[in-house]
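Next comes just one chain, in structure tokens: the form predicted on its own.
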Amino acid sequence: MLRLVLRRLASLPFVIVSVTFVTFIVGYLAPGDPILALMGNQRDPALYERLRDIYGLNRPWHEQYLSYLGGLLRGDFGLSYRFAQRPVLDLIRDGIGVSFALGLAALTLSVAVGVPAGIFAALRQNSAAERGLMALMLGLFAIPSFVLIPILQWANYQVYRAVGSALPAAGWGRPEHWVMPVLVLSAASLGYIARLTRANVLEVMRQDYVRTARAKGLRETRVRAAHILRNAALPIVTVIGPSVAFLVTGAFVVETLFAIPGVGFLSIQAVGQRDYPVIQGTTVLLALAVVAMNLVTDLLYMALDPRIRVDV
């Protein structure tokens, strides 16, 4: 286990260098001048040169990139163009808590509903209840979030017309603000986890060791818990692990359309304002989250299936 952790930590610098280099080059070659966008209608040449000097944009690209890498080693993500030279790390710190809470709530709902739904469908295979449930899960997985949001808002408006009270359409800060964003953010992963769980449970149920366990006279609850569900959980863990990283770092569409001040909303604003330091910072954050959750997934694999420890 320690060897696995050390190997993943050793690969982390290569991941960071690759991600930051690609993001930096894309921003460097992108059309438009971020300083002109920052200045707006003010076209003072002296101020323009001063701002380029503050942000280091008057230096060659390789010096800018090496300076950025040196800042990352010190925990410095640079200064935002849009927010008056405010450190990028402060902006990310303000939004990461909101994105983490929203993503964790969505993931909890996806797993808490999707896994039992998939198990129920597998145990009731070819029944009317199974067909209806899987059709619903397929619909949740297939409908994009930018389509699901107007549907929920329309339904919310109909509720308001009927009873005179409804959920807030946007905003953040009160408990009722959580309902629609969490439903939208969890919909696709809920449908996918349910269908994946059903497929894995059905596959495991056909294995010889399950038939052997039943032939030995084990109780059905024991067979399902110890033989079916535990072995079917491995592929599900593979999906859940990386999903945590992407949900926690913020759903761009959901946070933007619901005006939620998270990392996703910050990133969309940064793209529109050519705020490349913020874009780079959120990209690095996403890369770190993916690496961390892949490591957690591997450790969970080892806990669920001891045979994997031999190969690590």
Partner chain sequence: MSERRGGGFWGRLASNRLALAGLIVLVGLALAATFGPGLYGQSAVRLDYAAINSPPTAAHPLGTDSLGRDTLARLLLGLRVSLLVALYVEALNILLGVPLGLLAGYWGGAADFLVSRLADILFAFPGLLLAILVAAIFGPAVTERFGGIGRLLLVAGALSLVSWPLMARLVRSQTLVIREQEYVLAARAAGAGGGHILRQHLLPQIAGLVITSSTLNVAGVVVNEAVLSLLGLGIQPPDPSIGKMITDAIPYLERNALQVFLPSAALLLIVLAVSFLGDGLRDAFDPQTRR
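Positions refer to the first chain, counted from 1. Between two forms, the rigid core is the largest collection of C-alphas that superpose within 1.5 Å. All values derive from a computational prediction rather than experimental measurement.
Keep in mind the form predicted in complex with its partner chain is missing from the figure; the text below concerns it.
- Comment: its partner chain is not present in this chain, but in the predicted bound form one of Leu38, Leu69, Ile268, Leu57 has a heavy atom within 4.5 Å of it, namely Ile268.
- In plain terms, the part of the chain that comes close to its partner chain in the predicted bound form, with a heavy atom within 4.5 Å, is 141 to 149 out of 224 to 232, 75 to 83, 141 to 149, 190 to 198.
- Candidate site formed by Leu6, Phe120 and Gln125: none of these residues places a non-hydrogen atom within 4.5 angstroms of its partner chain in the predicted bound form.
- Within 4.5 Å of any heavy atom of its partner chain in the predicted bound form lies no heavy atom of Ala259.
- In the predicted bound form, at least one heavy atom of Gly27 sits within 4.5 Å of its partner chain.
- When contacts are judged by a 4.5 Å heavy atom cut-off, Leu51 does not count as touching its partner chain in the predicted bound form.
- In the predicted bound form, at least one heavy atom of Ser18 sits within 4.5 Å of a heavy atom of its partner chain.
- The partner is not shown here, and in the predicted bound form the stretch 202 to 228 never reaches within 4.5 angstroms of its partner chain through any heavy atom.
- After superposing the rigid core, the Cα of Phe258 is displaced by less than 2 Å between the shown form and the other one.
- Annotation: Cα of Val296 displaced by less than 2 Å between the shown form and the other one, core superposition.
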